[in-house]
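Shown next as structure tokens: one chain only, the form predicted on its own.
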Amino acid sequence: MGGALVKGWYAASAQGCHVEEDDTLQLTVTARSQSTLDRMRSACPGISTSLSNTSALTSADVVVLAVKPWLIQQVIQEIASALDARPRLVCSVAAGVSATNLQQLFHQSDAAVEHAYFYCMPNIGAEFQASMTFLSPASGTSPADLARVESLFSLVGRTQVVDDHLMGPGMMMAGCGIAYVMRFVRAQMEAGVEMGFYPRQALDIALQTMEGATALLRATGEHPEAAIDRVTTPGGVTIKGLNELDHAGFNSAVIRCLKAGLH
């Protein structure tokens, strides 16, 4: 996820996008191994990299902790004192590590400065500036700080600011959901092959069909069922296919799929 964000922000910077007016986006990436940093520099030429988390923080205004959840405490213990020069915006991209958790962990590490804390949940579409990112700030966060973090993540897609209890459902719908959408694309592709298309043709058809459906719903604001009625005629082939989905429990399967990770 960290790599996807870096590549998306790098692309946004190359396009001349700014977090705020005249606020140039400057990225510094850290990692445990030089080989990881070499790969990032190859993908994003000119980017700043470092093997030291603390040295990378010197001029940072926003710190994004894109590590596995079980590493978050270790990283915070390492960087807490280095951040104390001035207040920063600190974002957790670690699943399940909320803004409140961040705040508590920094306090346990004897942080001398109160930072602004955020729980941010993007998806891998960030690499192509097509993420759906959910943001949940710690209580007491200023509107200006929230606006800046929202602007930053808007560079890699769309954002929604939600209450903390909706971060899990958001992750299932968008973070995990991107895999479920791909599974539907794969099924549509396999059906296309069975009906006579070559695999690459079938994939292109499936992807373009999904783009068309998305474009229609965004442009019109219609409920999906109203849009379905546009292409469903009495006695036609579309209703036959829709009824097969219903017979197979399609809606129920999707709902159960999205709720599965909440238990």
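One rule holds for the numbers: they count along the sequence shown, beginning at 1. This structure is a prediction, so every number in the text was calculated from the model and none was measured.
The form predicted together with a small molecule is left out here; the points below concern that form.
A.B. asks: Counting any heavy atom within 4.5 Å as contact, can you tell me which stretch out of 225 to 233, 61 to 69, 205 to 213, 190 to 198 lines the small molecule in the predicted complex?
C.D. replies: Flagged stretch: 61 to 69.
A.B. asks: What I'd like checked is whether Gln73, Gln103 and Gly170 together line the small molecule in the predicted complex, meaning each has a non-hydrogen atom within 4.5 Å of it.
C.D. replies: No, none of Gln73, Gln103 and Gly170 comes within 4.5 Å of the small molecule in the predicted complex.
A.B. asks: Identify, from the list Leu166, Ala130, Ala95, Ala147, the residue with a heavy atom within 4.5 Å of the small molecule in the predicted complex.
C.D. replies: Exactly one residue meets the criterion: Ala95.
A.B. asks: Only one of Val185, Ala85, Ile124, Ala179 gets a heavy atom within 4.5 Å of the small molecule in the predicted complex. Which one?
C.D. replies: Here the answer is residue option Ile124.
A.B. asks: Considering non-hydrogen atoms and a 4.5 Å limit, does the small molecule approach Asn53 in the predicted complex?
C.D. replies: Contact check for Asn53: yes, within 4.5 Å of the small molecule in the predicted complex.
A.B. asks: So in the predicted complex, is the small molecule close enough to Ser42 to count as touching (4.5 Å, heavy atoms)?
C.D. replies: No, Ser42 is distant from the partner.
A.B. asks: Using a 4.5 angstroms cut-off on non-hydrogen atoms, would Thr36 count as touching the small molecule in the predicted complex?
C.D. replies: Because a heavy atom of Thr36 falls inside 4.5 Å of the small molecule in the predicted complex, the answer is yes.
A.B. asks: Does the small molecule get within 4.5 angstroms of any non-hydrogen atom of Thr30 in the predicted complex?
C.D. replies: The answer is yes: Thr30 has a heavy atom within 4.5 Å of the small molecule.
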